[in-house]
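Next up, structure tokens for two forms of one chain, structure 1 and then structure 2.
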Structure 1
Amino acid sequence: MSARDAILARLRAAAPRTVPTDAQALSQAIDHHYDGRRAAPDADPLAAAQTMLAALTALHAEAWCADAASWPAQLAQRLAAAGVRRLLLDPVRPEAAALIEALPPAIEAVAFAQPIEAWKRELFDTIDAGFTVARSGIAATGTLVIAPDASTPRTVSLVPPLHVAVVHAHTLHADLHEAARAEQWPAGMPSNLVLVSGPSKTSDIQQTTAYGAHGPRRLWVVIVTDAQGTTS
């Protein structure tokens, strides 16, 4: 008998005939718990933005709110001040296009134009920052919901030592439970969905927190507060 059949046979022989609760009822109990703990649905994206900002700051990220018109110039200036020379982004995205417009000539915008195999070493060694637009955010925990795709792949938010993300205030959810439900995660997941809460860190040496363990040392988040701002 294969390992698979043997394991399943042993489990079947012992599995109870009746299941304590049904999966749907359990999902409802979870909904009930989280719905009960949330304040009235936050209609005000600005209030959510403030919660997000506070949570991100507590997580050692550098975050700020800006309106749709002014954030690209602000960000470009900060990138220049931080000495960023090669910035990885997807030029086709409206947010990235706006940022490129504002970039000084010293900063080169690099597109993830070829598969990682073709330039793995270059990606690791020469890219100073990666720019992503978060699908949404989770205000309570200061979390960015990032759904990598063909033109902004997984490593953009992971390999460069600085990760810069834009999140629109109107996409903020109160908590993880609401994010999963509002975005209907159970209906179909991308090959990879990443929740990012702060820069990479570790407390593995004598419980002392240090940042930049393996992933980005720094995380910058621009919360775009203009409710009519550019959307993807």
Structure 2
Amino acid sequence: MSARDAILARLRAAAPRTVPTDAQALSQAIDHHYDGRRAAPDADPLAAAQTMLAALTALHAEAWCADAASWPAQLAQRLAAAGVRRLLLDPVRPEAAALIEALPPAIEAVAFAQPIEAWKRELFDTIDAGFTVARSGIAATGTLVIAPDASTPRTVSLVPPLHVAVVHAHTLHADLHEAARAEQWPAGMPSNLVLVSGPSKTSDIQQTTAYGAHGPRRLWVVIVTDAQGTTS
């Protein structure tokens, strides 16, 4: 038996004897597959946050956990220390409003209040950072799930050299399958759902990794727990 035949024989032997043909049965089979691969939920309520934190760090993002009361002041202090002077955000969002309250006078909060064509040069030349609130997160891969809208378009997380994101610990999912199922993605996907894992990077040229080629060079993520440092 050739090596090719041996490989094909193993694949055929491992293939399921019957394959579901209708959508519901296929969906159940996929759920069963991923449920079997997934470890039992950890008793520690912060386990998902710690997994998310480790994955983001491995991806060259700067991430930390903070409780709901202290994260705005912590983030404002870091922004000031990093020399940020103009921060793009949606001031209507509760998280953005809390951050604005904590910002020092030297940092200006800027809303995306006009078409990009009207202030493209200002946007590209003077905005130091963009602030977004993730819809959820995928702990296993350190991925932010962001749903852009009119007040926080994709530009906010794409153009400024620093992308700052907040994700609430209670919205973290173990993996992509759990996120899709828990948030019922098949029932109605938004027109633009963005998955962000680490700063923008590419290895297109001589396979040398370069950051900031197609988007933000830096990614900061605040994983927000509740006031007691738990996720409940």
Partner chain sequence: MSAQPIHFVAPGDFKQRARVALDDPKLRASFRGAMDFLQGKRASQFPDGEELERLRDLGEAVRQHALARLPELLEQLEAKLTAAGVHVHWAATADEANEVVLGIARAASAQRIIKGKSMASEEIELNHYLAEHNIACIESDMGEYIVQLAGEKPSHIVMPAIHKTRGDIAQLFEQRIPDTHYTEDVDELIQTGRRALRSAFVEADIGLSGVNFAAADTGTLWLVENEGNGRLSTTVPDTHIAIMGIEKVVAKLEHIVPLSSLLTRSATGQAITTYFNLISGPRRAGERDGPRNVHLVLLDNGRTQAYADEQLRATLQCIRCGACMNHCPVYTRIGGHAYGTTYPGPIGKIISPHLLGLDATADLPSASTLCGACGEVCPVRIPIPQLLIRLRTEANRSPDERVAHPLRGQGANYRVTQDLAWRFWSGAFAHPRAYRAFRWLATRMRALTPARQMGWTANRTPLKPAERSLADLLRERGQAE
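Bear in mind that the values here come from a model prediction, so they are computed numbers and not experimental data. Throughout, residue numbering runs from 1 along the sequence of structure 1. We call the rigid core the largest set of C-alpha positions that still match within 1.5 Å between the two forms.
- The form predicted in complex with its partner chain corresponds to structure 1; structure 2 is the other form.
- Core-superposed comparison between structures 1 and 2: Ala9 shows a Cα shift of 35.2 Å.
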